[in-house]
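Below sits a lone chain in structure tokens, taken as the form predicted alone.
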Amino acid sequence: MKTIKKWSALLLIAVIASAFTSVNKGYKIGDIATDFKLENIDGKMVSMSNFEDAKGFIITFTCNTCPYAVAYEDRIEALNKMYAPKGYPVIAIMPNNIDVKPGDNMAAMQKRAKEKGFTFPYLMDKDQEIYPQYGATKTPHIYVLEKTKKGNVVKYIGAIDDNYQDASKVKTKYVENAVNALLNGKEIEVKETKAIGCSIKV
């Protein structure tokens, strides 16, 4: 009986520890983001290390099938056109399990990118290994990174702006404000916001 109680207690501790760990997964502000190597819609493998002249990155976890992600497509494209020439390109990553969401498969990604005229890499996290490292839970979910001698430092995490429904009614552009601050050598005022979107499908 004592043995059973002992093992029950250990199991309970393990479950609590696991739950605590899952809550604290992913990058925090100030962490160094490890690089990745994922397949782009053109069939090439893309890493952050490919962008030798970049000052940082706007890493965007997004997909084809989420209404929130679709609502933000034009704004993500605008971010790339605005900031890629200044050294902060967008890299979009599709994190969903395509068995659960076949509308997010590579062919669908290629079609959507062509229809929308995406000018940024649109990569597939095929083995679903990268989004958990970042701690992404939604599509879209944004991570602004700054390239330093130590590595790519996480400087902002969260939403693109404060109004997914209507771009014309946006009051605060979180990502733009973050990147502008970095470009001007200033402190980012709002470093973290709640990502609004669809849950990533596993």
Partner chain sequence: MHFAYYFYGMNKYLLILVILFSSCKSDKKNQDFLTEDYNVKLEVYNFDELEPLLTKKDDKVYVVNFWATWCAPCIKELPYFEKLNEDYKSKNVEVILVSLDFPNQYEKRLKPYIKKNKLQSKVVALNDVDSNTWIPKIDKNWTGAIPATVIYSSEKRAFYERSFNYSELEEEVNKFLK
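Quick caveat, the model's predicted, so the values are computed rather than measured. Numbering follows the first chain given and starts at 1.
One more form of this protein exists, namely the form predicted in complex with the partner chain; it is left out here, but the text below deals with it.
Peer 1: Only one of E39, D162, E176, D31 gets a heavy atom within 4.5 Å of the partner chain in the predicted complex. Which one?
Peer 2: Checked against the cut-off, the match is D162.
Peer 1: Thinking of E192, I196 and K201 as one candidate spot, does the partner chain come within 4.5 Å of a heavy atom in every one of them in the predicted complex?
Peer 2: Yes, all three are in contact.
Peer 1: Using the partner position in the predicted complex, report whether S47 sits within 4.5 Å of the partner chain, counting heavy atoms only.
Peer 2: Answer no; every heavy atom of S47 is more than 4.5 Å from the partner chain in the predicted complex.
Peer 1: Can any non-hydrogen atom of K126 be found within 4.5 angstroms of the partner chain in the predicted complex?
Peer 2: No - in the predicted complex, heavy atoms of K126 and the partner chain never come within 4.5 Å of each other.
Peer 1: Might P132 be said to contact the partner chain in the predicted complex, defining contact as any heavy atom within 4.5 Å?
Peer 2: No, no contact at 4.5 Å.
Peer 1: Using a 4.5 Å heavy atom cut-off, state whether K155 contacts the partner chain in the predicted complex.
Peer 2: No, K155 sits far enough from the partner chain in the predicted complex that none of its heavy atoms falls within 4.5 Å.
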